[in-house]
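First comes one chain, alone, set out as structure tokens in the form predicted on its own.
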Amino acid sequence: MAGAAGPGTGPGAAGGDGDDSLYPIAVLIDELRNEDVQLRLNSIKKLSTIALALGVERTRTELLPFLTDTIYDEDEVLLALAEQLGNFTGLVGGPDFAHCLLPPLESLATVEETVVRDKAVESLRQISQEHTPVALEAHFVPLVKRLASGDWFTSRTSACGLFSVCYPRASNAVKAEIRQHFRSLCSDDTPMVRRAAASKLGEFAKVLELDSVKSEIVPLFTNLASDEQDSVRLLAVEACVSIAQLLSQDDLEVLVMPTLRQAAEDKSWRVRYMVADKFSELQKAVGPKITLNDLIPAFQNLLKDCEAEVRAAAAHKVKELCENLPIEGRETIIMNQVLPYIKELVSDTNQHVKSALASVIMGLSTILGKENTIEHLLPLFLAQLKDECPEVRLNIISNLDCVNEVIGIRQLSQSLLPAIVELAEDAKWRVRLAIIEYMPLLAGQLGVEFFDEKLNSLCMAWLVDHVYAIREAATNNLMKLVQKFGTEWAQNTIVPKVLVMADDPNYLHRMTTLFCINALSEACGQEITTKQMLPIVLKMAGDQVANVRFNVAKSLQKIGPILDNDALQVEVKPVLQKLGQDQDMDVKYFAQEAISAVAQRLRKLDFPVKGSEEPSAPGADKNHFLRPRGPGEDTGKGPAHQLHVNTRDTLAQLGTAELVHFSRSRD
């Protein structure tokens, strides 16, 4: 491997003298030089183990220099190394020797791959906290200076992330040097360096003295916010939030707001997008007075921006903007200065903008109150419910509870239902699936009478949808509705309609009946299950389609714990007995699965084959299971066995099934 130490120069070189204690580091060196990347990666991940074996002294004097000299490898190996070294302080002797970790991390902070540099900087920041103030100035600050004045942009970008961690504990003279280096990086010739400096500007400002913020950071912010590269300017917007939190209202107005106004009208949509995305943070940072005078007009411009991405980002912030306005006069400001622009967005040409607005607009109802909601917001809600974009309609429906708290769902019902029906019948099955998920919520808001009148038929129609995922979701939906409206409602409204499907010509719909019974039985209870559902399940055991028959067996297994003993013995027993002799292998298998499950509840029930009623042997009860008999096996004695049918067994083999008795437990 290029860059590796030559023979006799590494920490394991003494291994040739017979010192076995050097063997672990020799293995490490061998693996670090191996052509297999995975081996090298594994060796790096074992560094802590190797360091423990070597001890702190040899780790400092042999291992770390070796690593520093051999840093030239695949990015994933270097990334693992940078991560390991961040937790190495205890392995080199504690905080007093933390500076020993700086050389390899300094090298890693200069590599070309960004993720490696970032991880090295993260580890350096972590180690800096373990330095004493003296050690910090003696070792860490010089490292930062070297990186900041490096020939390659990679080292200078890494330096940007280290200023804020060393500045607070440095002496005044050193602080001045640190600020000077940061100023140099903010005006670096390379855009990548200026971008890195801009991203750390706010973080650095937080650790500076207020005078330094005004005299040095603000001019840097102004310059970066007017940089020729939009990637630098947009990061300056992010720094604006941190800087604004440090300054008084008067200083803000003079030092920051002119630059922020300029950013809100920047020629690059990316910069305007960043202003919109950070608008809530900016609003909190600058305070209510500047918000009313400067930010509201800027927000209006963002809401009508020529770029859809900017309008969408601003639309996402509508609710937060309104919530953060001072309560006194808030309603007037919203009605006069925000709502007119919202009305325009409702009919925007871009679906992402409309979808973003729909996700937050319902929240305005709690801010504006009932009268304003009915008069001004309700027409907007209804317009979005009729929008051609399904995502817009779904965002409105999913937030209906906000409006329900203010005006009640009845106000929306006449226009709401057509939109729901349209969604429920949408050509895209994922849209239909999404509206099913909101049905229990709507049911709770509408009430049982309104639901029965308007939406019940819709829920039943989903049960016969041609997409299985819809039928499955509709089944679960029924269970949730029963839990919400009660068993009496289920008995009178849902169960009869479900059971009618048992005679449907389409076997998939007949199977849906069984799935519904499985889901509803627990919610409906024993009485409804026994009297209304069980007869239908038993009747379907004679279905011509094998898929239906083995689902009957699965349903009987599912509802078995709900039924009483008499129903199991008189009604379920003959059906499972018959299914156990079915010609289809899968039906036989699931019938035996059901027999096994039911037998755990009915310990004294027998399941004879072919109706035979042979007397039980003395000392045995009448618990019987079907299973193939082995050669020479005594069927009158022995433990119970559950039948596991191999679908490849021949009918002749299955025909040899015999009775096996449980041993009776004696007192």
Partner chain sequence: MSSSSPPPAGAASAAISASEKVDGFTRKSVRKALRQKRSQGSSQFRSQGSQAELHPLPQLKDATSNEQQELFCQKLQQCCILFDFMDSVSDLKSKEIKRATLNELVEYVSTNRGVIVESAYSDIVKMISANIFRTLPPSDNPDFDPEEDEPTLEASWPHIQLVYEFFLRFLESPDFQPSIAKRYIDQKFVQQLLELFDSEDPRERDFLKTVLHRIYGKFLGLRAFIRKQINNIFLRFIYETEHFNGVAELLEILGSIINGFALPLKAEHKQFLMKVLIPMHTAKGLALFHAQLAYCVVQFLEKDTTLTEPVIRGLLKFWPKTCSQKEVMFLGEIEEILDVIEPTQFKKIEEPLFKQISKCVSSSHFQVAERALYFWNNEYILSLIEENIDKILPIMFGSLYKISKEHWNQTIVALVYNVLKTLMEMNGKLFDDLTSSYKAERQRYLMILMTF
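In this text, all values refer to a predicted model and were calculated from it rather than measured experimentally. Residue numbers count along the first chain shown, from 1.
Only in words, not in the display: the form predicted together with its partner chain, which the text now covers.
Visitor: Could you tell me if residue 267 has a non-hydrogen atom within 4.5 Å of its partner chain in the predicted bound form?
Guide: Yes.
Visitor: State yes or no: in the predicted bound form, is some non-hydrogen atom of residue 191 no more than 4.5 angstroms from a non-hydrogen atom of its partner chain?
Guide: Flag for residue 191 set to yes.
Visitor: Please determine whether residue 106 contacts its partner chain in the predicted bound form, using a 4.5 Å cut-off between heavy atoms.
Guide: Output for residue 106 is no: heavy atoms all beyond 4.5 Å of its partner chain.
Visitor: Within a 4.5 Å heavy atom cut-off, is residue 87 in contact with its partner chain in the predicted bound form?
Guide: Contact with its partner chain, no.
Visitor: Exactly one of 327, 173, 306, 427 has a non-hydrogen atom within 4.5 Å of its partner chain in the predicted bound form; which residue is it?
Guide: Here the answer is residue option 306.
Visitor: Can you work out which of 331, 74, 96, 564 has a heavy atom no more than 4.5 Å from its partner chain in the predicted bound form?
Guide: Looking at 331, 74, 96, 564 one by one, just 74 meets the 4.5 Å heavy-atom criterion.
Visitor: For the interface check, one of 466 to 474, 224 to 232, 207 to 215, 131 to 139 should have non-hydrogen atoms within 4.5 Å of its partner chain in the predicted bound form; which one?
Guide: Stretch 224 to 232 is the one.
Visitor: So which residues in 112 to 147, when you check its partner chain in the predicted bound form, have a heavy atom no farther than 4.5 Å from it?
Guide: Sequence-ordered list: 112, 113, 114.
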